[in-house]
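As structure tokens, one chain now follows by itself in the form predicted alone.
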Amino acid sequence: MSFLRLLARNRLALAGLVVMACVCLLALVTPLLPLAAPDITDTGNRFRPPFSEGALLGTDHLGRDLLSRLLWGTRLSLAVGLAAAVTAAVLGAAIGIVAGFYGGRTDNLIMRGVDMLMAFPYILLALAIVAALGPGLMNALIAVAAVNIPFFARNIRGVTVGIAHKEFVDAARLSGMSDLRIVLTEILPNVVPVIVIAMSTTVGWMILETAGLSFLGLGSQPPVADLGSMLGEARAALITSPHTSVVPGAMILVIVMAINLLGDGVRDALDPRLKSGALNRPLPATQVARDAPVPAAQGGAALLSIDGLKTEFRVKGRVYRAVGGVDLDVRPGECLGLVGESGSGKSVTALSVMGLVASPPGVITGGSVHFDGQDLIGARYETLRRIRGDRVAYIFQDPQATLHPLYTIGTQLVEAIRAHHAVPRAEARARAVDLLGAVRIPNAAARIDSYPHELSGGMRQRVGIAMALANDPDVIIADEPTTALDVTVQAQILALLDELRRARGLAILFITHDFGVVAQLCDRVAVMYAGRIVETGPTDAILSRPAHPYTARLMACVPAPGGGRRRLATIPGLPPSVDDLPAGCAFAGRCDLVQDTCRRGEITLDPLTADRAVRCPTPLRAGAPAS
């Protein structure tokens, strides 16, 4: 997405851009407009009110036309403010790059000098500089630029330090490039966006500072006027003729507000982390735009039933169909394993269940998710908030990222309990201690006051499980909760989940791509590829007799202990891009058993036996072992 399109998505920034474009256009065409001379006095017509004949905005205390002086003063204020910003940015960036690139004693000397400048209040430092140089607009420009140089120097120095030790800079040194050339070709291009962002967010303040100096009589000198000197001259008549102050004051307000709004938009549009829809505030629940009738609730024993679920990501005019029509159900006390390669849509399916897919860019476009007979897709946010963490809990893959680093684990557990149940804090804390004991954290009463960084990875994962169990949920969605753990801790976590499931009758949707985990924990398994379920059935049957070629190839990639020197298999090619899925079977391009029927029409998930289904026109023959 282009810079202008990203900028336009921020409505306040767009408004600032429009206003500044109008102001700049007026400043540029001012010499061409039929205006009265801004410095010609006419004391007989002093303090004429706005909308007087021949004086649209009235006149000042010397009878000078306020409209003419306003436009010429705006032109001068903009020029001085922009010049000060460019000067401060160039000098500050140069200082910051030199300090950050060379480091050591050079960095110390330069940055201590910058610290000395920053120790003075900037307005007092500007006044001291003007007092030393004498009043005048050019001296005010120098003063404003000088007091802002430390701001740029510190920002650019911090960025440069992070870049100066990167591998590409080391490679440039090894190639024999001089320091100057490295700075100009390797460092500078990487810091230019930061310089532009800093300029866009500070130029408004520089205009305001210049106007402040002129207001005090230290900037532009009579008869030449800028916005600040116009305010200074009008203060004596603030009560009797307020329009002489309101006119330049309103223009300063408009310019500074517009530049600040535009600067915020420029900062966001230039930040690569804020692309792909992140400039909009995420919705509290995933956006729903179903383009087909909502499937009715299915009868039966399923506690959580997913029917035809479709989730898309709409990015830069492209549509990524991450989930393309998923059908799953989980019964009380059952563990359903969801397996597949990375990027197959497992996590997006799980997040869609509770409306946790970020919008934008995520959109649920079809299907339903019935929990205890209620459709959660499109449900009111209050309904989702009441169910999330209470009746349906989520165990995330990385507890280090999901646990708040500034709060103890006890505080977070207590919050999880009290968010859904009005219990005293002491009772919630006692419940939290019991939960930590239930997930086998030793000395739980003491550990409850530990911070996440004080726990090992296995301990943090146990805390995540305890948080999921805090309100005795009916369903737990576990998104690869053991991937980052070592084998011993992983076995302990799996045994714990299995024990809790059997003791509490939990329904678990367990996401993984480890068939060993599936064999140990899951009653049934669903295999996912390119956003769709390709095979489902009892765990033992699928692991011993896979029907879909993709399932067989996945299992062949798993090392088997005691198998001798068996060659480890791989699946050729890569999964298809979900924004351009081929017709027919999505796995056809990687399958060595592909036939013409595999590349035509819609491939449906058809029953294979009473408890198994497969999405393949020519499934592997019954009884064929995985190979």
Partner chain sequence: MGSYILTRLLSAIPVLLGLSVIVFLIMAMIPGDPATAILGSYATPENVAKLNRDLGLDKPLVQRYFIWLGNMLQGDFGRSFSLNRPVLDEVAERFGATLVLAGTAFVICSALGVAAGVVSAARQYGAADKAITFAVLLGISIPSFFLGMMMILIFAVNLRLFPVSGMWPIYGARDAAALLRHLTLPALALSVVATGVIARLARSAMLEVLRQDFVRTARAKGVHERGVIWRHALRAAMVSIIPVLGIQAGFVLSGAVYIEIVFQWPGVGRMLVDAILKRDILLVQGGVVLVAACYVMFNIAVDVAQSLLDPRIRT
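Numbering follows the first chain given and starts at 1. Basically, rigid core = biggest C-alpha set you can superpose within 1.5 Å across the two forms. Owing to the predicted nature of the structure, the values given are computational and were not obtained by experimental measurement.
Heads up, the form predicted in complex with its partner chain isn't pictured, but that's what we're talking about next.
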{"query": "Region of this chain that lies against its partner chain in the model of the complex, out of 234-242, 329-337, 310-318, 369-377 [heavy atom, 4.5 Å]", "finding": "234-242"}
{"query": "Heavy atom within 4.5 Å of its partner chain in the model of the complex - the one residue of Met116, Ala296, Ala446, Ala292 that qualifies", "finding": "Met116"}
{"query": "The single option of Arg388, Arg429, Arg157, Arg545 touching its partner chain in the model of the complex, heavy atom within 4.5 Å", "finding": "Arg388"}
{"query": "Non-hydrogen atom contact Ala94 with its partner chain in the model of the complex at 4.5 angstroms", "finding": "no"}
{"query": "Contact test in the model of the complex: Gly134 vs its partner chain, heavy atoms, 4.5 Å", "finding": "yes"}
{"query": "Interface membership of Gly212, its partner chain in the model of the complex, 4.5 Å heavy atom rule", "finding": "yes"}
{"query": "4.5 Å heavy atom contact, Phe396 and its partner chain in the model of the complex", "finding": "yes"}
{"query": "Interface residues of 398-416 toward its partner chain, as seen in the model of the complex [heavy atoms, 4.5 Å]", "finding": "Ala401, Thr402, Leu403, His404, Pro405, Leu406, Tyr407, Gln412, Glu415, Ala416"}
{"query": "Shift of Leu227 between the shown form and the other one at or above 2 Å (CA, core fit)", "finding": "yes"}
{"query": "C-alpha of Ala15 off by 2 Å or more between the shown form and the other one on rigid core", "finding": "yes"}
{"query": "Cα displacement of Gly437 between the shown form and the other one reaching 2 Å, rigid core superposed", "finding": "no"}
